[in-house]
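Single chain ahead, by itself, as structure tokens, in the form predicted on its own.
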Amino acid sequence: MIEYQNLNEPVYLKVKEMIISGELKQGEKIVQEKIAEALGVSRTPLMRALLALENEYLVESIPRRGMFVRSLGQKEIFDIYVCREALEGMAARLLALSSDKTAVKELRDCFSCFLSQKEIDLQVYAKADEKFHSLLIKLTGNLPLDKIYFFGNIHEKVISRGLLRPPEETLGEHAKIIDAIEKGNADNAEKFAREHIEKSRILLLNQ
């Protein structure tokens, strides 16, 4: 049960978590009475949360049928990767131009624990990968870029698909992006970030 004075945000966060985690599955109808009861809230804050999530493209309202968790088709997922390629490439360029050593350290810290591991836990690595791509945007300090990335909810839409490529492939790619940022090489930083996403996009297309 949620115990907050202002219920709107915690209800929104909880329902969003339920969608991201797969507790509420793609295409599933959202039974508002059931969820409201489970969270211990009225339907008013729940409806506000669902409207916010609809704006983030996570749920959809179907006339005369109700609210559903949005189903993402193959083309939609592919298009999301196209957006990610552009946004994360721009973010890498901005970070390279900023010469921010603290940002470089935060990005390196995402993967430092895996460098000496012979066998990498895929779930742990997936979380590190998620954090890296989120930080890549946030550390730019570019609020419009951050808002576009967040509002479109671009990365979270693909989290549930898991890792498309193994750490053995992507760990080195992440390192190349970070190295280019650290050296202030904006062209390479953007190029490597775009190539990193592009490889996953092409793999997804082939699948």
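From 1 onward, residues are counted along the sequence shown. Source: prediction; values computed, not measured.
From this point on, the text means the form predicted in complex with another copy of the chain, which you will not see here.
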Fill in: Touches another copy of the chain in the model of the complex: D79 (any heavy atom, 4.5 Å)
yes
Practice prompt. With heavy atoms only and a cut-off of 4.5 Å, decide whether F68 touches another copy of the chain in the model of the complex.
Written response: no
Fill in: Contact of M90 with another copy of the chain in the model of the complex (heavy atom, 4.5 Å)
yes
Worksheet item: Contact between A86 and another copy of the chain in the model of the complex at 4.5 Å, heavy atoms?
Response: yes
Worksheet item: Looking at 115-123, 70-78, 130-138, 99-107, which one sits within 4.5 Å of another copy of the chain in the model of the complex if you count heavy atoms only?
Response: 70-78
Item to complete: For the three residues K25, L39 and P166, verify that every one has a non-hydrogen atom within 4.5 Å of another copy of the chain in the model of the complex; reply yes or no.
Response: no
Worksheet entry | Contacts with another copy of the chain in the model of the complex - residues in 125-150 whose heavy atoms fall within 4.5 Å | G141, N142, L143, P144, L145, K147, I148
